[in-house]
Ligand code: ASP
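So this first bit is one chain, no partners, the form predicted alone, shown in structure tokens.
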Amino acid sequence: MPASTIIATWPFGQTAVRAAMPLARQGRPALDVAIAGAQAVEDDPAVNSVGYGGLPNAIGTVQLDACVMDGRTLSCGGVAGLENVRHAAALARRVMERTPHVLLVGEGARTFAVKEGFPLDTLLTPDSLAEWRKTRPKPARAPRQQQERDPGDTSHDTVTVLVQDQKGSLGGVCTTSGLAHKLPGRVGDSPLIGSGLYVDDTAGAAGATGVGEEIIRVGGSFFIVESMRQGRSPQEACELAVRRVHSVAARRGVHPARVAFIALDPKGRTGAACTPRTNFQYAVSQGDKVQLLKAPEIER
């Protein structure tokens, strides 16, 4: 039986990969493995851009976004603007499995979580609140200016986990607390199928991280998967997506904000790429070995 492959965004992706590996060794389905990895990061208060301990929005409220997708059936689910529920990825799976819908938002998502037995929780920690106060923008600085002029901002790192299981099927999860100091109700790419995540056993899986508005504009993850379907390698497809981000930003007369992509194809090959000044690292495991790799920064 072939070894599974797991790839996850950012250095904290190592936490996700290591949490996911035991399930992968047991032969569990790809989506089970991916959710276990993502949840380990959601539970880590030291990660201030995902789950518990995530940085709040402009009024001091933590709002989570997440989605999941099964590459075998293309079943998917997501939640957005979710408050007081720590495990957004697991809730997104419940949306996929127990409703006829793909996306639940805001109070509706929280009400659904309570009905499904998810405990309500305070997601702020003393450290995340202190960091929010420290990094709070001056009133004169608009959110759009922050996104378009500060590609080095580090307050919106998403954990995306892509898995190929021992049967060769693909699954993926994308979960985040989103852009710090965002307007209440702002939704980025992370809960949107085709933007922050897309998974199809017949072509591959892709996920994104960074400023969601940039990723949404290019349909980033779907773009990468369809590029792999056309014969490009995961690496080639990620680099092409970054060039697409450059092109779209140029049409608006701005430099692209920080974004990065990861990809995994049906052969178990991986790829990653990012915009300049992103310093994007990602974790990969094939079998028992975990590596932290640096993605190439792609100029226009």
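Everything numeric in this text was worked out from a predicted model, so none of it was measured. From 1 onward, residues are counted along the sequence shown.
Heads up, the form predicted in complex with the named molecule isn't pictured, but that's what we're talking about next.
Exactly one of the stretches 104-112, 122-130, 91-99, 181-189 approaches the named molecule in the model of the complex with heavy atoms within 4.5 Å, and it is 181-189.
This chain is drawn without the named molecule; in the model of the complex, the residue among Gly220, Gly204, Gly172, Gly212 with a heavy atom within 4.5 Å of it is Gly212. When the named molecule is considered in the model of the complex, Asp157 lines it closely, a heavy atom lying within 4.5 Å. Under a 4.5 angstroms non-hydrogen atom cutoff, the named molecule in the model of the complex has Thr176 among its neighbouring residues.
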